[in-house]
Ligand SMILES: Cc1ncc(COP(=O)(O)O)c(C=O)c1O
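First comes one chain, alone, set out as structure tokens in the form predicted alone.
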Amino acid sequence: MIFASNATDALNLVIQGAVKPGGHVVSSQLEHNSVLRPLHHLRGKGLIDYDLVPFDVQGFIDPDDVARAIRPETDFVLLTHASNALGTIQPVEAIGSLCRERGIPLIIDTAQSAGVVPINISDWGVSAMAFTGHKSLLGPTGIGGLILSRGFEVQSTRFGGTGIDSQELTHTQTYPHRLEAGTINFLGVLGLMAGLDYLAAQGMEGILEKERALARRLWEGLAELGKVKLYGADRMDRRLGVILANVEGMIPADVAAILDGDFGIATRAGLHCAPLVHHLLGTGRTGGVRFSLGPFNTSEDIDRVLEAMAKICATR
């Protein structure tokens, strides 16, 4: 267990520490820029190559596409567990099984799923899992981490004080200090612990069930408005409480601004740091409006959103 600043930080640690010169990575077009940009940077330096498998109209990766993309020089497969733009939960268990059969490490980005969806890295054959604390783990910003399976080697890419082996000029290779150079965010760790305590007391399954019920209510209500375009799967058992939508004839940023300024409803408009998702959806220029539900939302919140969206649609 290695602490980092966030999922982006953790992903950079594992990507840059696990690739080999001349190596190859399999990832997907669902990924966040925290994956796409490090891979693009390394390929630009001539160090690696990578392939991005597509997703279908429902927002899911096909494990067979992952299998076909694996090469003899593939260092690892790196995929999001749940899309931050579409909310779709990917078939990580099936992908982990095929990776294990081929002896290829699987790394998953759980920024959206950790804390709300059960994750079993041992049974799924996951070699590394990156997470952030400030989303469903209910911690503060600036804390995240990386969980590694035994035997999966990640080399140091940062060097500095660790509090041990101080007489050596070579950075220690013991874990977790190998990847934790300098003083970690102890206050962030304490805040993350408080979030974990809350999740343990409430029960993660109950939180997920509640969020999915609210998401279903929101999805069905938006679909009834007629002028709202919804993206991704309508099966709530395969997604999180994240819904991407657009109002016909309106720029997403304008919709979000009206929701915020006129109705006090916070959403996120734009590309959501997932440009390839929006490119394939045909929303690459302006993106969409993302509604993100959490454990503290209520059915009344959903009613307010639907009333506001109905008024916005009535102006079109």
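All values reported here derive from a predicted model rather than from experimental measurement. The first residue of the sequence shown is number 1, and the count goes up from there.
Separately, the form predicted together with this ligand exists; it is not shown, and the next lines address it.
**Q** Which one, 96-104, 180-188, 127-135, 114-122, holds residues whose non-hydrogen atoms are within 4.5 Å of this ligand in the predicted bound form?
**A** Result for this chain: 127-135.
**Q** Give a yes/no on whether Ser27 approaches this ligand to within 4.5 Å in the predicted bound form, heavy atoms considered.
**A** Because no heavy atom of Ser27 falls inside 4.5 Å of this ligand in the predicted bound form, the answer is no.
**Q** Please check if His278 has a heavy atom lying within 4.5 Å of any heavy atom of this ligand in the predicted bound form.
**A** His278 lies outside the contact set for this ligand.
**Q** Closest heavy atom of Leu78 to this ligand in the predicted bound form, within 4.5 Å or not?
**A** No, Leu78 stays farther than 4.5 Å from this ligand in the predicted bound form.
**Q** Is Ala82 close to this ligand in the predicted bound form, meaning a heavy atom pair under 4.5 Å apart or at it?
**A** Yes, Ala82 is a contact residue.
**Q** Using a 4.5 Å cut-off on any heavy atom, which residues of 23-39 would contact this ligand in the predicted bound form?
**A** Sequence-ordered list: His32, Ser34.
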